[in-house]
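Below sits a lone chain in structure tokens, taken as the form predicted alone.
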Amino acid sequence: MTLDLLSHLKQMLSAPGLSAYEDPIRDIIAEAWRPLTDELSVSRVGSLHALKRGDGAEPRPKVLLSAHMDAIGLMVTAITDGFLHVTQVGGVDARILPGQLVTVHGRKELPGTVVMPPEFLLPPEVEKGAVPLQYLLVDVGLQPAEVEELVRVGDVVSFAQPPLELTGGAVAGHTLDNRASVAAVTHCLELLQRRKHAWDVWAVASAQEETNFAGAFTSPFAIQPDFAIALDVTFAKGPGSTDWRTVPLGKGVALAWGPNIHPALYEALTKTADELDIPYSPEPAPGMTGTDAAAIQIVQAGIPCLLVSTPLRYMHTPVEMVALKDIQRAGRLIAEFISGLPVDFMQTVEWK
């Protein structure tokens, strides 16, 4: 199978799948992973598990690739005169919401837009500057009685902007955090179709990372890998961001270094990148990374972890931006690393 990675990514960016409501995106990922793996299953919290068996003697060592598939969004909290009051699912910056296109997932899907009252109707303390979320509304263009029939408190609201191809191989859209990393895992699995690998590879599209890390805690507990590679996005350099907390866009992946990362695994992965001339930026992560790696690391007796991130601008907005070649680099680096793992690799790994 030869997968069109850009089409795969755009298909995922066009689908909803808020944290704890991942069914639509999980179905799309399953369709892409089915021909690339030997087994598919769904965990008790909704994560997608895919096993690609290695060719080593059983019992084979196992590596887990974890990329969360859930997205941030909104949830209906009240309905007043046909207008929907909302709160955030995951970390949503209210400053970017007015004017955004959304889909309300009620008794049927309803297109809508985020609106705000005119300035003279707002309390004096919020007349100027960004309007807080509590004063924003979603308008679906229906009469109040119709809205009451079709929408309930607790229904979720997803961003609806279509993905946009930009010049230079860049892509913009909502939910690139973290569908970009899911695409990297897909690319890795496709490359492994043409490479021998002794290890079993467990690919996981994890659920609920944006809210509670449910998938990142439960899937490793079930799979019990020898080590794990989490894939996520990280802050790319943009307007005013010039310090160590950001990495260049389009110049390679970011490899995290810090307490969530196993030093010996980091050394082995960077060695592979250097040998194959795959560009990367070391990413200092002095505290908890806020990714699946932070949860996976402390499952059971502890699981050694790596974190490979795709640089992304404008995180947690509907216009997130990545370079397609960085996604490809992430997938290739992991595929090359896995295919080079000897069966006894973990016997050489020490924390030092």
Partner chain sequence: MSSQKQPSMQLTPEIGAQQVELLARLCNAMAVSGDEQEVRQIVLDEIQPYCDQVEVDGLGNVLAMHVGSQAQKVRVMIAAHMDEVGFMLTNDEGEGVFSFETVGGIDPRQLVGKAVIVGREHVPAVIGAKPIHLTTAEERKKALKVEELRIDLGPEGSSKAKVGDRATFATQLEALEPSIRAKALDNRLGVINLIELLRHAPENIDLLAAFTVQEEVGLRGARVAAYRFDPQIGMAIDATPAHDLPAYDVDVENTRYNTKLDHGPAIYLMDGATISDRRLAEWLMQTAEAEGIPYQIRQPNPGGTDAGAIHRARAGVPSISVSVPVRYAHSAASLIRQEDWANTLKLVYHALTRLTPEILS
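Numbering follows the first chain given and starts at 1. This is a predicted model, so every value here is computed, not measured.
The next section is about a form of this same protein that is not shown, the form predicted together with the partner chain.
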>> in the predicted complex, does K251 come within 4.5 Å of the partner chain, counting heavy atoms only?
In response: yes
> A170: heavy atom within 4.5 Å of the partner chain in the predicted complex?
Replying inline: yes
> If you check in the predicted complex, is E267 within 4.5 Å of the partner chain, heavy atoms only?
Replying inline: no
> Any of the heavy atoms of K271 lying within 4.5 Å of the partner chain in the predicted complex?
Replying inline: no
> in the predicted complex, which of 274 to 282, 93 to 101, 254 to 262, 191 to 199 comes within 4.5 Å of the partner chain (heavy atoms)?
Replying inline: 93 to 101
>> Could you pull out the residues of 309 to 347 that have any heavy atom within 4.5 Å of the partner chain in the predicted complex?
In response: R313, Y314, M315, H316, T317, P318, V319, M321
